[in-house]
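Here's a solo chain for you in structure tokens, the form predicted on its own.
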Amino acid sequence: MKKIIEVKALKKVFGKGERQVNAVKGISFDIYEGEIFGFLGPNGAGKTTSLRMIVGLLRPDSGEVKILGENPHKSGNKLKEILGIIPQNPTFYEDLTVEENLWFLAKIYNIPKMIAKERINSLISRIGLEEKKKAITKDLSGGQKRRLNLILALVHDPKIILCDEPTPGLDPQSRIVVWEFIRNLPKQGKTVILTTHYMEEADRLSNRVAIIDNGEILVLDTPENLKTSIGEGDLVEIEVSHLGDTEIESLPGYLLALDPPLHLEEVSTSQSVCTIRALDVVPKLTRILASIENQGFSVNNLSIRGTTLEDVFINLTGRRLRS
């Protein structure tokens, strides 16, 4: 696969002395042509600083970035032609119509009229805004504004798209429309860098995911490999209440020592919840629940789910992603 972005030993420090902050600590990775690359991390992890350096908005203190073999700080207008940025907050002229906003950008990029017309109509259709083509943008709903924000970055047909938090506040229907739109971009020869706090979004859309925290990349792999890395099998979360003197902390040892064994991959407890990871867990549930009740606990609630990217993050850092 062709490398479209190369990042080597990228570092950035803010402040001096006691106020010095090592925002990015020598990160390295490659992004390949035609992939959706998820870049995840909590606020303050170094994600935004890294992205600003990658697209040429911030100079690194050391390290190197190459986009299609060129330094973004020396490429001038060439980078602007191949890069489309979808900002987190919708940015457009509210007193113009949907169509007028797109035409305005087409003229800025000097796109020939016939090409611009065909591209604008196609983008409006693909994002589902045909009925709002002549609508003043300030009158659009929040979801419609965010969809317009998405296609504004594509008017000049960029090769690389930075998609920063594309779906906050969207209703489920609008979110699915945006997801499908983003998922289809690589089929049009585009490479996408996706930043998001929604783990389901990253899981569904990304070919590979990098998780960054404290200025360092903790892991980089496919979503499936990352989830498998912390253990195979489904997670069962069982909320219990005390009926006797037995402490919940004793449950893991008890369940793991049962004879004949249940072949549980992992058992842990936190407050009133017992979490169990196991392969082929459903046939084991009757015996698990009976064993818990035999220890003097009452089962209040039970849920079964697969491993998520958030589980990966918590396993690595011990804390949940912050919005």
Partner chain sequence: MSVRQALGISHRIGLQIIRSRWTIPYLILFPIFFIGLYWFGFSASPIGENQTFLLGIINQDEGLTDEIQLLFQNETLLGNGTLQEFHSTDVLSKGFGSEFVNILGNLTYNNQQNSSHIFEITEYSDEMQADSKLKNRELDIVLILPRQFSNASLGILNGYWRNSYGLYFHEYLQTFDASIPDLPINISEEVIIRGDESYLNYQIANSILGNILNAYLDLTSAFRGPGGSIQIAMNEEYQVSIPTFSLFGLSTPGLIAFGIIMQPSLISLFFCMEFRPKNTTFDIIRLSSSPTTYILGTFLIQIPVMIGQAFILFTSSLLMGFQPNGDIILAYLIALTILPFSASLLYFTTAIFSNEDVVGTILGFGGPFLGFMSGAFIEVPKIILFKEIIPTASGFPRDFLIWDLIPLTHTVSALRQVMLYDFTLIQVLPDILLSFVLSLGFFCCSLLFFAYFRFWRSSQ
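Since we're looking at a predicted model, the values are computed, not measured. Positions refer to the first chain, counted from 1. If you superpose the two forms and keep the largest set of C-alpha atoms that fall within 1.5 Å, you have the rigid core.
The same protein also has a form predicted together with the partner chain, omitted here; what follows describes it.
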Could you tell me which of 170-178, 199-207, 229-237, 96-104 sits within 4.5 Å of the partner chain in the predicted bound form, going by non-hydrogen atoms?
-> 96-104
Please state whether every one of the three residues 52, 109 and 113 places a non-hydrogen atom within 4.5 angstroms of the partner chain in the predicted bound form.
-> yes
Identify, from the list 129, 85, 155, 218, the residue with a heavy atom within 4.5 Å of the partner chain in the predicted bound form.
-> 85
Of 242, 133, 80, 183, which one comes within 4.5 Å of the partner chain in the predicted bound form, counting heavy atoms only?
-> 80
Using 4.5 Å between non-hydrogen atoms, is residue 141 touching the partner chain in the predicted bound form?
-> no
Indicate whether the partner chain has at least one heavy atom within 4.5 Å of a heavy atom of residue 287 in the predicted bound form.
-> no
Looking at the partner-bound form in the predicted bound form, is residue 223 within 4.5 Å of the partner chain by any heavy atom?
-> no
Counting only non-hydrogen atoms and a 4.5 angstroms cut-off, does residue 125 reach the partner chain in the predicted bound form?
-> no
Flag for residue 34, CA shift 2 Å or larger between the shown form and the other one after aligning core | no
Using a superposition on the rigid core, decide whether the Cα position of residue 306 changes by 2 angstroms or more between the shown form and the other one.
-> no
